[in-house]
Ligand SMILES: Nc1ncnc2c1ncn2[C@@H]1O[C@H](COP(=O)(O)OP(=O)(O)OP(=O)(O)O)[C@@H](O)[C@H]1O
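Only one chain comes next, encoded as structure tokens, the form predicted on its own.
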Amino acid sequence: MIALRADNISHRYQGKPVLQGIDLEIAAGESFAIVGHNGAGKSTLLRLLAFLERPTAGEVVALVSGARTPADLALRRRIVMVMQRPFLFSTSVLTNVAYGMRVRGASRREARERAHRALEMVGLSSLADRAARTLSGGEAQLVNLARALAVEPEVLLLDEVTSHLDPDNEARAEAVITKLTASGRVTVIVVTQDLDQATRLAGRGALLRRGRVEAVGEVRGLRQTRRG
């Protein structure tokens, strides 16, 4: 499994500081929440942890079995990020979910089998043959989550994935994430503004404010820090 470490990372966009002096350690198999208001830098930090961008200063380190590992293509394919708003291709639901496996070289048969299993996990097996663009917003986000699950990532990063869901689909997505974190086989990092949700989905977390880490520890203990 993969652990992640942020070593004094800072990041700028067009000269404007977004993150400053971030130090974090996220253990392999841990469920970790990044909490903060809009503009705190949560999504930027998540992209850096996913190796989608390089920090302006400092570095993000991946550790496999405790050993530092280069962030090459092979490693990055073991890390999957699910965005706040889903993007689906104009194909069937099943083809969308199988896409990540096909990109990774899986046979058509294996990709379809794993896509079916992932759809079953999110409760959408009956929609496998539906055109993806006909789904509701909640269904589309669950398909987006299933596509991530199908590749069986070792690190799953979730960027406010329930923020636009109705209560039923939010509960369904949270149940899937909770089951995944309980397995201890995947490092799960959740970005959310909702401390109650962070408490449900993660054991530890970091509170971000204006691009800086204000507190790190048990999620339940972050509530008092945020109020302060």
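Worth saying up front: this structure is predicted, and the values here are computed from it rather than measured. Sequential numbering from 1, following the sequence displayed.
There is also a form predicted together with the ligand; it is not shown, and the following applies to it.
Although the ligand is omitted here, in the predicted complex all of V18, K42 and Q84 have a heavy atom within 4.5 Å of it. For the chain shown alone, R47 is a contact residue for the ligand in the predicted complex, at least one non-hydrogen atom being within 4.5 angstroms. Although the partner is absent here, H164 lies well away from the ligand in the predicted complex, with no heavy atom inside 4.5 Å.
Using a 4.5 Å cutoff between non-hydrogen atoms, R54 does not count as a contact of the ligand in the predicted complex.
Put simply, T178 is far from the ligand in the predicted complex: not one heavy atom of it is within 4.5 Å. Annotated contact segment (heavy atom within 4.5 Å of the ligand in the predicted complex): 31-39, selected among 167-175, 64-72, 31-39, 182-190.
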